[in-house]
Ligand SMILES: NC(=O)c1ccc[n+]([C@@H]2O[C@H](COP(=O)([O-])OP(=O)(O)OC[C@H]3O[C@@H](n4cnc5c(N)ncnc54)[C@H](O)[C@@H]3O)[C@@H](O)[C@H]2O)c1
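First, one chain by itself in structure tokens, the form predicted on its own.
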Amino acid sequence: MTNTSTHPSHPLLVSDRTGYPADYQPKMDDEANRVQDDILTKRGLKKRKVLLVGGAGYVGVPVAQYLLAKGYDVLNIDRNIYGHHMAVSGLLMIPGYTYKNVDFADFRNVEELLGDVTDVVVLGGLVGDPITKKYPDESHAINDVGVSNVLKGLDGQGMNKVLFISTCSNYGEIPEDQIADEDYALKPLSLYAKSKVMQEQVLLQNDFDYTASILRFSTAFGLSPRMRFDLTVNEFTRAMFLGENMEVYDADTWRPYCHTFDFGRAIARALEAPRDNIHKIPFNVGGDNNNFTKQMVVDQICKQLPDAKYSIVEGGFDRRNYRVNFSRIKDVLYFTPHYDVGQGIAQLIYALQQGLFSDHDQNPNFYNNRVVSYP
């Protein structure tokens, strides 16, 4: 196997290696042998190297940490548009990790780095509804033109698998009595989600020579070296920990959530899966137990911070309301999240108690996607 963990004593990594049904393990072995014969041996490579496109951000750094622990080499390219490059500093000392500050929107910058890359995870872009609304031109250049350049440019480059990171926000606003699986109609409401849907179609409608898959991420929460406090669970937890009167808009609206660590696990599962299990197949990434309303989030925080304050406000501007079905990723890739929302909140509270993130107000752009420097 080419992706054996370099830290076999770590209980989560051991679980991820052995947590498959017996009849699936031979299929994984066949896939590993195929990669060895068709990719590594033919190209004279010793191990798989994953290119993380836009891997220096809130989700990208934990993903890199996890893949390195699983035994992959990782090449991360990131334009550092929020001035967040220090988030990768702890990774630079780890063997097998390389960071390049380049703009992926110009595919020539990507192409010259592909010599020993076997697989690609496309994370990059302006992430989130507010930032894409604030910077529509930059969003078009990066999320529309840039990502499309990458997906199309990787064709013919000898890649094994290309995973495009999309979003469950694609489902938009759905009725209260419905839960969206991957075949549910996509109704993107924001510029961000519309760009994701467009790139999904690039993969689904073209016959590229690589194995392509789409991972629709839930809303992220949890700790990260590039911490963000403009995401619901993190924002609410910090504000209520600090004693602020948190205003909660449209408290009964639903979202699915997923911990930063679990995103790395889901990506690894897709990289290890047989090609037929993932090719041109979208997967919702998360777990049913992490479908939460905003009210449920603050209730979880209040369990751990009994004196915390918040107030409910009606008439918010964000119309998104969706619960998501995660049966496919559970049944096909045997993925279920390790962390639930309550555990993520506990981690955040502990970090805040230790004085972490005390420079938030002095470095707001590091902790929140607010101001973009591009090109």
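In this text, residue numbers run from 1 along the sequence as written. This is a predicted model, so every value here is computed, not measured.
From this point on, the text means the form predicted in complex with the named molecule, which you will not see here.
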Let me test this: is every residue among 59, 226 and 231 within 4.5 Å of the named molecule in the model of the complex, going by heavy atom positions? yes
Which one, 191, 281, 127, 117, lies within 4.5 Å of the named molecule in the model of the complex by heavy atoms? 127
Answer key: of 290, 218, 213, 139, within 4.5 Å of the named molecule in the model of the complex (heavy atoms) is 218
Choose from 301-309, 171-179, 199-207, 100-108 the stretch whose residues reach within 4.5 Å of the named molecule in the model of the complex, heavy atoms counted. 100-108
Using 4.5 Å between non-hydrogen atoms, is residue 79 touching the named molecule in the model of the complex? yes
Is residue 337 near the named molecule? Define near as a heavy atom within 4.5 Å, in the model of the complex. no
Would you please decide whether residue 344 lies within 4.5 angstroms of the named molecule in the model of the complex, comparing each non-hydrogen atom pair? no
Taking the named molecule as it sits in the model of the complex, is residue 269 near enough to touch it, meaning that at least one heavy atom pair lies within 4.5 angstroms? no
Scan 360-375 and note down the residues that get a heavy atom within 4.5 Å of the named molecule in the model of the complex; none is a fine answer too. 369, 374
